[in-house]
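The form predicted on its own is given below as one chain in structure tokens.
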């Protein structure tokens, strides 16, 4: 994007039109001021058929390479399989595009390091990894309170990602390319923990897991419930729980403990503030999926990416701090490094030193 184009919308091409890709595409097409969905890409005919109806203004591609040579696209938005992320980011940077990529950066630490090094060759390009919890208003408020010293010195984070059980077995079908429960789910909690604790370096991890319902995961060395402990430099700690078997809905929450108090985010998961009083007792309705729980965060994340690109090209001055709220490539590298170590610990039954 040239300086004289700042007033024009950021033209984005989305690659990957699965469940989450469609959500991102819809946001960029209709809900993000300053952006326009110029193109979309998927090798699957069902996805392209959906896009023809839902995204009538977008040019459609089957091949990612074709999307990259579209000179009218300023940025690519990757919602593709995790194993493809690293090379697709590199290819986009070399094609002159800004990049947003869903987590994780890669399932391989060496690949993450390669992307970090490659990105340094393109300092004018914005590269953002989709750790959307940083943009959730509640998580962001907690971060600001921690930074302001409201709970003293933070030393422990307890965080969980727990999905509504899917009896159709989507996660079993997804398991061969997911990287396992810790790289797929807990990577969000890892990033939250490092963010709230001041980005300490991990020193040792231990993980354990169980297959409670989805026996097909055993074939891939995965579990549907996992717990982990992570030790950081300076005596800081994190405790993680990940589950794919919740009966009540998506139950995502975090707590941060400090020397003068504690903060809890999302401790009582609910879709709204309505409480039901009947013969079964008192209850509230839980958010069914992470799409619903973090709908606002996904939208703010997209807005921040647009602001970040504009800030790199001398755009509105106030955009810089807002844009820097997101995770850096180095943050994404550390999250993968820790997630990979947790997967190894689960496999071996031994603690892993980093």
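Positions refer to the first chain, counted from 1. Note that the coordinates shown come from a computational prediction; the quantities given were computed from them, not determined experimentally. By rigid core we mean the largest C-alpha set that fits within 1.5 Å across both forms.
The same protein also exists as the form predicted together with a further copy of the same chain; that form is not shown, yet it is the one meant from here on.
Student: Even though a further copy of the same chain is not shown here, does residue 173 get within 4.5 Å of it in the predicted complex, heavy atoms only?
Tutor: Close contact is absent here: in the predicted complex, residue 173 is far from a further copy of the same chain, nothing within 4.5 Å, heavy atoms only.
Student: Is residue 144 close enough to touch a further copy of the same chain in the predicted complex, meaning at least one heavy atom pair within 4.5 Å?
Tutor: No.
Student: Hey, in the predicted complex, is residue 126 touching a further copy of the same chain, heavy atoms inside 4.5 Å?
Tutor: Although a further copy of the same chain is absent here, residue 126 would stay clear of it in the predicted complex, with no heavy atoms inside 4.5 Å.
Student: Give a yes or no for residue 259: in the predicted complex, does one of its heavy atoms lie within 4.5 Å of a heavy atom belonging to a further copy of the same chain?
Tutor: Looking in the predicted complex, residue contacts with a further copy of the same chain include residue 259, since a heavy atom lies within 4.5 Å.
Student: Please tell me which of 84, 93, 109, 239 lies within 4.5 Å of a further copy of the same chain in the predicted complex, judged by heavy atoms.
Tutor: Only one option qualifies, and that one is 239.
Student: Out of 178, 160, 80, 88, which one falls within 4.5 Å of a further copy of the same chain in the predicted complex, going by heavy atoms?
Tutor: For this set of options, the contacting one is 160.
Student: 183 to 191, 67 to 75, 243 to 251, 99 to 107: which one contacts a further copy of the same chain in the predicted complex at 4.5 Å, heavy atom to heavy atom?
Tutor: Stretch with heavy atoms near the partner: 243 to 251.
Student: Please determine whether each residue of 211, 268 and 351 possesses a non-hydrogen atom within 4.5 angstroms of a further copy of the same chain in the predicted complex.
Tutor: Yes: 211, 268 and 351 each sit within 4.5 Å of a further copy of the same chain in the predicted complex.
Student: Does anything in 293 to 311 come within 4.5 Å of a further copy of the same chain in the predicted complex by heavy atoms, and if so which residues, in order?
Tutor: Only 293 sits within 4.5 Å of the partner.
Student: Taking the rigid core as the frame, does residue 167 move its C-alpha by 2 Å or more between this form and the one not shown?
Tutor: Yes, its C-alpha moves 2 Å or more.
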